[in-house]
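Quick setup: one chain, the form predicted alone, written in structure tokens, and binding and motion questions come after.
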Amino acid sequence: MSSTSQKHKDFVAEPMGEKPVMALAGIGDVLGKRLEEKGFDKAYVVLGQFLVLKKDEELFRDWLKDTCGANSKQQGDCYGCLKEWCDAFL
């Protein structure tokens, strides 16, 4: 049974607005900088990619790994965070 982090809970508790990419669960300073360098500077830009990939977990995890080098836990945390946010707000 997996538990969610405080960062995850904080993110999914409210609309995304202009939150930085590092507000996403699983994305810290290092991955955040890598994503920013590739144009993914805000959480909503990563959400856009998540939606373009039709919320598919495998495709999103692969994209995150290829784009910023996220490990399996980071991929899962970020996917879960965005999925739960979408379930609540879309």
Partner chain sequence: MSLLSNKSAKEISDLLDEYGIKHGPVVDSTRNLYEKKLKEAMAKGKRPTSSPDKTFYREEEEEVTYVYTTPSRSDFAGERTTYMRSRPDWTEREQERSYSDYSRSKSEYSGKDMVDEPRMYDTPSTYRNSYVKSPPVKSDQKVPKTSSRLIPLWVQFVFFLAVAIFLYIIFSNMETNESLKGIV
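Residue numbers count along the first chain shown, from 1. What you are looking at is a predicted structure, and each value in this text was computed from that prediction instead of being measured.
There is another form of this protein, the form predicted in complex with its partner chain, and it is not shown here; the text below is about that form.
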Counting only non-hydrogen atoms and a 4.5 angstroms cut-off, does residue 30 reach its partner chain in the predicted bound form?
no
Under a 4.5 Å heavy atom criterion, is residue 18 part of the interface with its partner chain in the predicted bound form?
no
4.5 Å heavy atom contact, residue 37 and its partner chain in the predicted bound form:
no
For its partner chain, considered in the predicted bound form: do all three of 5, 11 and 13 come within 4.5 Å of it, counting heavy atoms only?
no
Within 4.5 Å of its partner chain in the predicted bound form, which residues of 42-79 have a heavy atom? Give them in sequence order, or say none.
49, 52, 53, 54, 56, 58, 59, 62, 63, 66
